[in-house]
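Encoded as structure tokens, the following chain is the form predicted on its own, with no partner shown.
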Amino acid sequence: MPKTYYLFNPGRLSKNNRSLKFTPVDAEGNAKKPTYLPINDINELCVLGSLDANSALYNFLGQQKIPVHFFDYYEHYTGSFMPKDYLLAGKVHIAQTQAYTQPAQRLVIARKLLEGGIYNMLKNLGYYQNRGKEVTVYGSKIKQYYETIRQAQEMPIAELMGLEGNVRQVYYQAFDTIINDFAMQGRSRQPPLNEVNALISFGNSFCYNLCVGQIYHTQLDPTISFLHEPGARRYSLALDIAEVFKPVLVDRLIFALLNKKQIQAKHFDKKLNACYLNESGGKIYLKAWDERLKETIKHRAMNKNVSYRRLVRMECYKLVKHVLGIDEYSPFKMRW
């Protein structure tokens, strides 16, 4: 199965017959031994270091339908090279646009996306409650918001997002109970101020990146969203779908990596009012992230095992069916 490759080192990437040739360079600019990546083994590339490449390479990647995602020095997602769309469908595009422009239709989808995300947050809290972490008070508060959202029939999207913010605030308070040796002390983003916030920002970036990649392989327009407002220079539909999967993929992974001490204080770089994963910490996280995406669960409707990566693609297909009026959208909800 094709894989995601992460390029941490600065270097030059070029086409080499049916492979990619990556030549890393050291701090003085000296070339080191190159690595060859068979094109059929690549699903996507994530670039975390400085990359030298030319148009011939990007033409080749475009022909092979391989996206390239870029992250800056501070591990923020900055953009993607996306190959030309190959699953264009005017019927889906029109239906998706109509679902966005009609407030009642948009609210139905936005509410369900949010319901899915909050349900999965509650599952996380329940999981750790059963393991001796006293998080009942947070779960009770979130359940009140959850019911308000479920029953909302005419709520403006801005108000819905306000409730989402309230839920997140309560949910993040529980992190200090769930995580053993680190304190979150509230959410800080730009920049993250401590280790837990650094992991959340890093993980959320890759969850968004995952959703961008999976939407590309469907007929959906990534710029037309329902919960988040469409905006310039971003794929806002990926933000919508990530809302459902962040508790499942990002938060669970952070809890496991910290509580099992796989990521420790030495894996972070701290500067004035900022904290980021260093290279070794990033490699540990992304190795675990890849393994998480390959994990499979038994899908009840399909009666077969499905990977988490595939589940994200299936979430996109469910949205396609909803906007086409084939089947009502039901978000993925964790059962454990």
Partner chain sequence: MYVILVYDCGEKRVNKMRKLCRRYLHWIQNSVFEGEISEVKLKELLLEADQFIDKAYDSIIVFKSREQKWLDKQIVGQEKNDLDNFI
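Positions refer to the first chain, counted from 1. All of these numbers come straight from a predicted model, not from anything done at the bench.
Below, we turn to the form predicted in complex with its partner chain, even though it does not appear here.
When contacts are judged by a 4.5 Å heavy atom cut-off, K287 counts as touching its partner chain in the model of the complex. Within 4.5 Å of any heavy atom of its partner chain in the model of the complex lies no heavy atom of N54. The shortest heavy atom separation between N59 and its partner chain in the model of the complex exceeds 4.5 Å.
Taking non-hydrogen atoms only, M334 never approaches its partner chain to within 4.5 angstroms in the model of the complex.
Applying a 4.5 Å heavy atom cutoff to its partner chain in the model of the complex picks out R18, S19, F22, K33, T35, Y36, L37, P38, I39, N40, D41 from 18-53, in order along the sequence.
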